[in-house]
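The chain that follows stands alone, in the form predicted alone, written as structure tokens.
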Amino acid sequence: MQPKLIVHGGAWNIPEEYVADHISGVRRAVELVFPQLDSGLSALAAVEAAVNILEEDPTFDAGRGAFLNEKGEIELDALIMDGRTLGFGAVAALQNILHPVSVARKVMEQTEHCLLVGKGALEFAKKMGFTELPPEALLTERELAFFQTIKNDATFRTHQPFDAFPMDTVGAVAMDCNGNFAAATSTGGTARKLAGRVGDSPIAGAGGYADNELGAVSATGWGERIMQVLLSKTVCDLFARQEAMMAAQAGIGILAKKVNGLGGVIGIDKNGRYGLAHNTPKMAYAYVEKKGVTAGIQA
């Protein structure tokens, strides 16, 4: 089968000064990973590799460049899911690790569990050979400056589509040469979130979902509302009876109608068709077509 790969760099607002970085970031992830996928790399390895690239990029709210919580700390969440088995691994409130999505894969493959959190997740990561970094290794000047402006603002809400700053959870969905699907999502969560807050990203069915009989999806946006409708699973179920783009749009419609939610999705249906939709001001995306990589900001 012809492999497919699509990634997102967050659905919220993306101010003009950050647009070029978002487009180049998601394009780079696809351009580096798709040739490997086309040469036989598994869908699972492809989504991990693509998200790793985005976690390293300080443009996005994942890994390096993540938002700070109310205490001025970085807590990271991630999920990876294998459509062949419905197996998944996830971590939440993980500190001081650059690639939480890779720790999530280790949870799936090396333990009997699906989700590890906080200090336990960090201890597991170190046991698996991941390097614990000093907090400043993940902190950017941009995020620190933004935190200083909002830390004492009583009117600030983590879900408002404010004009001054983007929200940039990252994700990837792939179909490999064997027709297997995988999805991965990684985030630093919302700005000035309560310590220990966990959003949709590490929750199977909410932040991501993959099932070889349906396809795969990664979600981004207002996590509390995305969890309420299990957005990724909802869109995957819609793949059974709708073309991918229509299913993605219908899923966002459900998010908005049922819980007044804000967010976006990317996906690939069982026939290898791409879907993407959002109801936030913008969403960054990139995917592979026969003519090459398409990347941009959907408004």
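Residue positions are given as counts along the sequence shown, with the first one as 1. In this text, all values refer to a predicted model and were calculated from it rather than measured experimentally.
Another form, the form predicted in complex with aspartic acid (ASP), is not on view; read the next lines as being about it.
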query: Trp222 within 4.5 Å of aspartic acid (ASP) in the predicted complex, heavy atoms; finding: yes
query: Partner contact for Ser218 in the predicted complex: aspartic acid (ASP), 4.5 angstroms, heavy atom; finding: no
query: Interface membership of Gly189, aspartic acid (ASP) in the predicted complex, 4.5 Å heavy atom rule; finding: yes
query: Partner proximity in the predicted complex: Asp168 to aspartic acid (ASP), non-hydrogen atom cutoff 4.5 Å; finding: yes
query: Location of aspartic acid (ASP) contact in the predicted complex, chosen stretch of 147-155, 181-189, 119-127, 86-94 [non-hydrogen atom, 4.5 Å]; finding: 181-189
query: Triple contact flag Trp12, Arg197 and Ser201 to aspartic acid (ASP) in the predicted complex, non-hydrogen atom at 4.5 angstroms; finding: yes
